[in-house]
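This document starts with one chain, in the form predicted on its own, laid out as structure tokens.
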């Protein structure tokens, strides 16, 4: 009986290109029959935010975090050459030109391949994010759940 191959990725970065890399690796691993988990923490949670604003009750600090963070994967900036938002437009044009998938579609593909997308509940509490503000069909867990997955993983990445 073949051993299950497991890949675990911590997505800490909230930058478009780094999130893209995480999802490209996740989709590739899933295509090679790996059981894949992406644990989204801190700024990586922005990849799971819904594009539209969701009416939820928040305190002042939570509202401020919500306004400062990009709403959804498509609004994330680049790690290098962001150029006040012009860089992401350039990279999205290059992606389109080369018929590559943009980040929102990579996220959809990951869900279709049963990649486990996990939102860190501790970070959600710290940043004032609520489940209603995040994508559907994701899981919620703390660091203990990630450690449990990572212990069994052959591939563990921090992005």
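Since we're looking at a predicted model, the values are computed, not measured. Positions refer to the first chain, counted from 1.
Another form, the form predicted in complex with a further copy of the same chain, is not on view; read the next lines as being about it.
Colleague: Heavy atoms within 4.5 Å of a further copy of the same chain in the model of the complex: which of the stretches 107 to 115, 28 to 36, 49 to 57, 130 to 138 has them?
Modeller: Looking at the other structure, the answer is 28 to 36.
Colleague: Is residue 45 a contact residue for a further copy of the same chain in the model of the complex, using a 4.5 Å heavy atom cut-off?
Modeller: No, no contact at 4.5 Å.
Colleague: Going through 77 to 94 from first to last, which residues have a non-hydrogen atom within 4.5 Å of a further copy of the same chain in the model of the complex?
Modeller: Residues within 4.5 Å: 78, 79, 80, 81, 83, 86, 90, 91, 93, 94.
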